[in-house]
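The chain below stands alone, shown as structure tokens; this is the form predicted alone.
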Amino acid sequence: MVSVRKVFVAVCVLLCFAGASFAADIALTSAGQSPDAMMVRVVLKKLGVEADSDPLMKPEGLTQKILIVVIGGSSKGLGAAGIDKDQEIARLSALLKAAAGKNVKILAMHVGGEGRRGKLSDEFITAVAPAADKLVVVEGGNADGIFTNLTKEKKTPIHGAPNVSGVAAPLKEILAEWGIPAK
């Protein structure tokens, strides 16, 4: 026969976990408000990896172990978010500083290739790339060496990919190295 105490403890445990919500180990945000972060979210889902996605993530919202910042400037996206380039760069600066202070790994991704480059995107690349622990860059995105030059001092590894779908392999490898299994 089961004791009343064991039933009580079991019910308490169930009630505690029933209301709990567990955050993912990965935070996903945009640098420049392009749709590229949504594409990375799709790749993560295909890998069976959950990510807390917030295109306007603030430092106080960062509780995860890994921060993925997808770089690609979109004036239309910035306008829709109700912010300008300078506000976005300030947000990113504060977020990256918070990540470093919390020992959160930072993965910067540029999946738009050469087509997502230009003055606006380059400003976000300049703001994010030096803070990254690793980068994934689609072919053509680093043709002029911008990522290489910005990460030279820190010797940050840059993983290439042929296209957006091709980022799955280096992404899976990096996440595994950082303790996040993917399929």
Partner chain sequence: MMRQPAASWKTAILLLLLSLFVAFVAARDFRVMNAPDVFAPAEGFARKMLSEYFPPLKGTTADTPVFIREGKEPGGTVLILGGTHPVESAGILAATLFLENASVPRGRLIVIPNANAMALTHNSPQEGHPQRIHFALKDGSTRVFRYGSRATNFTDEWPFPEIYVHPASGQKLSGKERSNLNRCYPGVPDGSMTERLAFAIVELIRKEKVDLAFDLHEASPEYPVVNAIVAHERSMELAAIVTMELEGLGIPIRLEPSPKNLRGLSHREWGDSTDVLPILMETGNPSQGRLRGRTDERLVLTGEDKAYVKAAALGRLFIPYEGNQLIAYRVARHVTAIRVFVENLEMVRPGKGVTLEGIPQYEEILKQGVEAFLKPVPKKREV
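Residue numbers count along the first chain shown, from 1. Predicted model, so just to flag it, every value in this text is computed and none were measured.
Although it is not shown, the form predicted in complex with the partner chain is what the next lines describe.
Q: In terms of non-hydrogen atoms within 4.5 angstroms, which of the given stretches 141-149, 61-69, 27-35, 127-135 touches the partner chain in the predicted complex?
A: The contacting stretch here is 27-35.
Q: Residue-level question: is Ala80 within 4.5 Å of the partner chain in the predicted complex, judged on heavy atoms?
A: Judged by the heavy-atom cut-off of 4.5 Å, Ala80 is in contact with the partner chain in the predicted complex.
Q: Is it the case that Ala169, even though its partner is missing from this view, gets within 4.5 Å of the partner chain in the predicted complex, heavy atoms only?
A: No - in the predicted complex, heavy atoms of Ala169 and the partner chain never come within 4.5 Å of each other.
Q: Taking heavy atoms and a 4.5 Å cut-off, does Val49 contact the partner chain in the predicted complex?
A: So Val49 does not count as contacting the partner chain.
Q: Can you tell me if Lys45 lies within 4.5 angstroms of the partner chain in the predicted complex, counting non-hydrogen atoms only?
A: Output for Lys45 is yes: heavy atoms within 4.5 Å of the partner chain.
Q: From first to last in sequence, which residues of 162-176 have any non-hydrogen atom within 4.5 angstroms of the partner chain in the predicted complex?
A: Heavy-atom contacts to the partner chain in the predicted complex: Asn163, Val164, Ser165.
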